[in-house]
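Structure 1 and structure 2 below are two forms of the same protein chain, each written out on its own as C-alpha cells.
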Structure 1
Amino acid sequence: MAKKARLTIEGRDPIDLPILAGTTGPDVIDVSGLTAQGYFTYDPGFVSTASCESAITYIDGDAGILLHRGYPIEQLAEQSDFLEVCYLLLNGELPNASQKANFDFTISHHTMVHEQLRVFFNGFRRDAHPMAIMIGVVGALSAFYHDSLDIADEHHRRVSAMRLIAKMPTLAAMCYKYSLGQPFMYPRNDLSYAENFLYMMFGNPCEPFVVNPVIAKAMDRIFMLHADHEQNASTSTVRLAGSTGANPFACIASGIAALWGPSHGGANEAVLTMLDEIGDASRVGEFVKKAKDKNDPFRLMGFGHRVYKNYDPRARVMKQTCDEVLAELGLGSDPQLKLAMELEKIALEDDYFVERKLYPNVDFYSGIILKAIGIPVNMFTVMFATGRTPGWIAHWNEMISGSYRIGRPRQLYTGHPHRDFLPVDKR
C-alpha cells in the first residue's frame, strides 16, 4: 500500500497526500492535489519543492555525491571525456565504440556556424559583455536553423541538440575574438572538442597554433565538470521556458541569461575578484580572520557550496587538474596563483573551516585554471555556459519527450485588497 502524508487544517477534514519514492534520495510529498482543496504551498526559491521527475542527474549534498545517469562524476572525469558525457546525458547510456565515434564525428562536423552570423556580431559594441552577446547569438540561432524547430519531432530535437553542443564553443570563441578586434577562427574537424575551442580562442591566421595537450585535457574536464548539476536555477529556467513550447535555441538562451547572475554562474569570477581584493599572500591571515568574524561582511568566495554539505566531488578532480596545469605552465611564481594556493592551504587546515566543511569548491579551482590558461575573467561564465549546454538540452528533451504542462508557480498575495478607482481630481 502506498504511503501517504496527512495534512490537518483546523476546522477541516484531514487531507491525504501521496508520498512518492524515487530510485534513490528522499521521498517527496505530492501536493499537486491541494489546489482542488483551495490551498497552495509556500516555498520561496522552491528549495523544498520537486518541480519535475528526472532520470538524468542525482546529487546527495550531505554525502558529497554527484551521479550522471548513475555514474559517479569522479569515474567519468578520470576515465571519460566531455563528448562521451554529453552522449550519456542525452541518451541515458554510455556509447559503445561505434556510437562514440559517430557522435564525436557528428559534433565535430557541426561546429561551423552560418556565415551570416559573422555579420550579426557587428551589431554589438566591442566592449559588450560576452554573456550579453552569447544570449543574443544563441537565441538568434533559431533564425538561422529553422529547419529543426518542430519540438514534437524527435529527429528535429536531436538535430537541435547536436547543433547547440557543437556550435557553443565556436560562438564562445567568436565572442572573445570580437572583443579583441581579431579575425574569427574557423573550427577544424581534425581537432577534439576542447582542442578546437582553444584553437579558435588563441589561434590566429598569421601562424600555426599547436594546442598544448595538458591544457586541452584541463579544458575538457572543466566542460565535463559543469555539464549538468540537476535542477539548478538555469536548468529550471530552461525547463520553464521549454514548458511553453518555445524552441530549443530560445530555451538555451534563457538558461544563459539565468547563468549570468553572480549567485549562479559568476562564482568563479568572484573568486578572482576576491583574490584581487586580498592582493598579496602576506595578507591571507588578515582576510581569513575577517571571514571568521560574523560581523564582517567579507566572505571567502569559492569555499563551501549551497548543495554540498561535504566536499564538492567535482573539486577533488578540479584540484588535480589545477596542479597539472600550474606545473605544465610553470606558474608557481605568479603572485595571484601563489595567493590562491596559500588560501587553499589555510582553509584545508584551519579548524574553523574544517569543522564547518567550508572546503574549496569547483569554482575556486576552475577560476584559477581559467586564469592560468589565459582566459579573461569576463569569459569565465561563457565557459560555464558552454559546458552546461548538454545538461540543459538533456533536461529540455526529457521534458518535451514526456508528459508535461506549462509551468505556472503560484504566489502569496500581500498587496491591496479590492479598492475602487477615483478620478484624479478626487484623490
Structure 2
Amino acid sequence: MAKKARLTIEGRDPIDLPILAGTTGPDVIDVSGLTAQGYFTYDPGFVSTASCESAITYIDGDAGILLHRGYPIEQLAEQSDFLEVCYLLLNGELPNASQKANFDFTISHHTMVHEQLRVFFNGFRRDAHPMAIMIGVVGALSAFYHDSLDIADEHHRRVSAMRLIAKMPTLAAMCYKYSLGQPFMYPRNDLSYAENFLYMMFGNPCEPFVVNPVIAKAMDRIFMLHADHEQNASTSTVRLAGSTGANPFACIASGIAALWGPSHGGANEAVLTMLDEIGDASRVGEFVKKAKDKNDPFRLMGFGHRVYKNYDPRARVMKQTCDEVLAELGLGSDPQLKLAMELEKIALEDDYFVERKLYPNVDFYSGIILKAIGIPVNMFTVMFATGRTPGWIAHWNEMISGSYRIGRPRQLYTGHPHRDFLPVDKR
C-alpha cells in the first residue's frame, strides 16, 4: 500500500498526503494538493522542499556522497574527463568510444563565437567584473543563434547545449583578454577543452604557447568537480527561468547571475579576498574569532555547505589536485597558500566549526589552485560558471523534455490588510 502522511489541523478533518519514494534518499511528502485545502507550506530557503523530480545528480550530505547519474564523483575525477561528464549529465549514460569521439569533436567545433559578438566587449569598461560581462554576453547569444531557440524541438535543445558548453571557455577567456587590452585568441580544435581554455587565456598571437599537462589536468578537474550539484541556487534559478519558456541562453545567463553571489559561486573569489584581508598566519586566530562572533557578519569563506554536513567529497578530490599543482609549480612556500593551510588546520580543530560541521568546501581549494595557476581572482567565479554549464543545461533539458508547469511559489503575507487610499492632503 502506498505510504501517506496525515496532517491534522485543529477543527478540521485530517488531510492525507501521499509519500513519494525516490530510487535512493529520503522519502518526500507531496504537499501539492494542500492549496486546494486552503493552505500553503512555508519553507524559507527551501530547506525542506524538493522542488522537482530529477534523475541527474544525487547527494547524501551526511555521508559525503555525490553521484552523477549514479557514478561517484571520486571515480569520475579519477577515470573520466570533463567532456565525458558533460555527455553523462546530458545523456544519462557514459559514451562508448565513438560517441565520446563524436561529442568531443562537436564541442571543439562549436567553440568560436559569432564575430559580431566580439564587438560587444567594447561596450564594457576594461575593469568591468567578468561575471557582469558573462551575464551580458551569454544572454546575448540568444540574439545570434536564432536557429536553436525552439525549446519544443529536441534537436534545437541539443544544438544550444553544445553551443553553450563549447562557447563558455571562449567567452571566459575573452573577458580576461579584454581586461588586459590583449587580442582575443581564436580557439584551437587540436587542443582538449581545458588546454584550449588555457591557450585562449594565456597565449598570445606573437609566440607559441605550450600547455603544462599538470595544469591542464587540474583545470579539467576544476571544471568537472563543478559540473553539477542538483538543485542548488543557480540551477534552481535556471529551472525557474526555463519554466516560463525562456530560451536556453537567457536561462543560463540567469544561472550565471545567481551563481555570482558570495554564498554560492562567488565564494571562491571571496576566499582569496578573505586571505588577503587576513594577511598573515599570525592573524588567523583573530579572524576565526570574528567568524564565531554572532554580532559580526564575517564568515569564513570556503567553509560550510547547505547540504554537506560531514565533508564535501569534491573538496577531498580538489585538495589532492591542489597539492599536485602546488608541487608542480614549486609554490609550497607561497605565504598566502601557507596561510590558507593554517586556516584550514585551525578551523578543522575548532569546536565551533566541528560542532556545526563546517568543513572546507570545494571553493576553498579551487580558489587556491586557480590562484596558483595564475587565473585572476575576479575570474574565479567565471571558472565555476564554465564548469557548471552542463549541469544547468542538463536540468533545463530534463525539465523541458518532461511535463512541467511555470514555477510560482506563494508567500506568507505580513503586510497591511486592505486599506483605503487617502488623497495627499489627508495623509
Ligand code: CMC
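Here, a residue number simply tells you its place in the sequence of structure 1, counted from 1. On a predicted model such as this, the values are computed, not experimentally measured, just so you know. The term rigid core refers to the maximal set of C-alpha atoms that superpose within 1.5 Å between the two forms.
Structures 1 and 2, same chain in two forms; the form predicted alone is found in structure 1. With the core superposed, M301 shows a C-alpha displacement of at least 2 Å between structures 1 and 2. With the core held fixed, H114 shows a CA shift below 2 Å between structures 1 and 2. With the core superposed, F287 shows a C-alpha displacement of at least 2 Å between structures 1 and 2. Taking the core as the reference frame, the CA atom of Y359 shifts 3.2 angstrom between structures 1 and 2.
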